[in-house]
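In the form predicted alone, a lone chain appears below as structure tokens.
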């Protein structure tokens, strides 16, 4: 005797008596989701509304549509320079974090050495250290190497703080690649580096995308390090630039909202294109970490 498969959502939202929709159960299921959706979407809509409607307007719709606030922040407040600085810093941080995470994650997954568990514990414990605690030591180090007011100070700090988690995630991806594939390549004459490049690296593409995305977003959103290590306005990044829209006694809500949209666009695009890889990366870290 066979039983027809019924989707769980449809089966659970119908009453047992007549197969009619169970409105109470539907309400209990979907009302919290609807409230969460409103809680999430309304701030974004409010930001777009302030960015796209004229100054002084109280309309709940962005009409008449205007882009004057975007022109103000992009050309008048220097967001064009802030955006370029953020892009370069985030991309270089992405490259460094991904490269070192590949090497470190591979070593953690493929080799056994004394103190490995202690090393992994140390990597994990670094995630509990807030960045504010490291400001004074980092400032003294960068000052000694004449890196204050240099983009490299921000890139080095971001790479250092994001690398431990990236290595843990990457080691999970490497463990998912069967070691037999690598050994077969080595039996056929490949060295370890060539076997890694030819066999392992192509299979690590989801991990590389996930780790790189986390590094890019983390660097793009960082405010504290950019505020402390970069003093020249020509070197500032978007999160610090948003602060310039807030005066001592007044706030330009239109410019602030337009700057928020500019800051959010790259992050939204990254999540839109690499979402499936991010989910795989988090799952791999949870299972194999």
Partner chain sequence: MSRSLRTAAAALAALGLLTACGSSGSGSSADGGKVTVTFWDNNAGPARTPLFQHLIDEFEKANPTITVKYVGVTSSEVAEKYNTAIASGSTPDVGGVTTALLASLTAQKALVPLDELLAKSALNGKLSANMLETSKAASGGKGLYQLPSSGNQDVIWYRADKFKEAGIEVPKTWDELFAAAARLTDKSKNQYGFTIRGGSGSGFQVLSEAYAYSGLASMFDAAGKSTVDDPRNVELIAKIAAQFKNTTPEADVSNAYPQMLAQFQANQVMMVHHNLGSTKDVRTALGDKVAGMLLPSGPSGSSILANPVDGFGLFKNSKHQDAAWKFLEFLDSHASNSYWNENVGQIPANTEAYADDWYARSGITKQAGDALNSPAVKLVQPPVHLPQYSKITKTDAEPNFQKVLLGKMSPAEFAKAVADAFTKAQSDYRAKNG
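Just so you know, these numbers come straight off a predicted model, no measurement behind them. Numbering follows the first chain given and starts at 1.
Beyond what is shown, the protein has a form predicted together with the partner chain; the following relates to that form.
Asks: Have a look at 148 to 156, 102 to 110, 214 to 222, 166 to 174 and name the one stretch with heavy atoms inside 4.5 Å of the partner chain in the predicted complex.
Replies: Correct option: 148 to 156.
Asks: So in the predicted complex, is the partner chain close enough to residue 246 to count as touching (4.5 Å, heavy atoms)?
Replies: Yes, residue 246 sits close enough to the partner chain in the predicted complex that at least one of its heavy atoms falls within 4.5 Å.
Asks: Would you please decide whether residue 27 lies within 4.5 angstroms of the partner chain in the predicted complex, comparing each non-hydrogen atom pair?
Replies: Contact with the partner chain, no.
Asks: Contact between residue 250 and the partner chain in the predicted complex at 4.5 Å, heavy atoms?
Replies: Judged by the heavy-atom cut-off of 4.5 Å, residue 250 is in contact with the partner chain in the predicted complex.
Asks: Answer for residue 264 alone: is it within 4.5 Å of the partner chain in the predicted complex, judged on heavy atom distances?
Replies: Taking the distances in the predicted complex, the answer for residue 264 is no, it never comes within 4.5 Å of the partner chain.
Asks: Looking at 190, 209, 92, 120, which has any heavy atom no more than 4.5 Å from the partner chain in the predicted complex?
Replies: Going through each option in turn, the one that passes is 92.
Asks: If you check 179, 203, 136, 124 against the partner chain in the predicted complex, which one has a heavy atom within 4.5 Å?
Replies: Here the answer is residue option 136.
Asks: Decide yes or no: are 88, 228 and 231 jointly within 4.5 Å of the partner chain in the predicted complex, with each residue judged by its heavy atoms?
Replies: Yes, because 88, 228 and 231 each have a heavy atom that approaches the partner chain to within 4.5 Å in the predicted complex.
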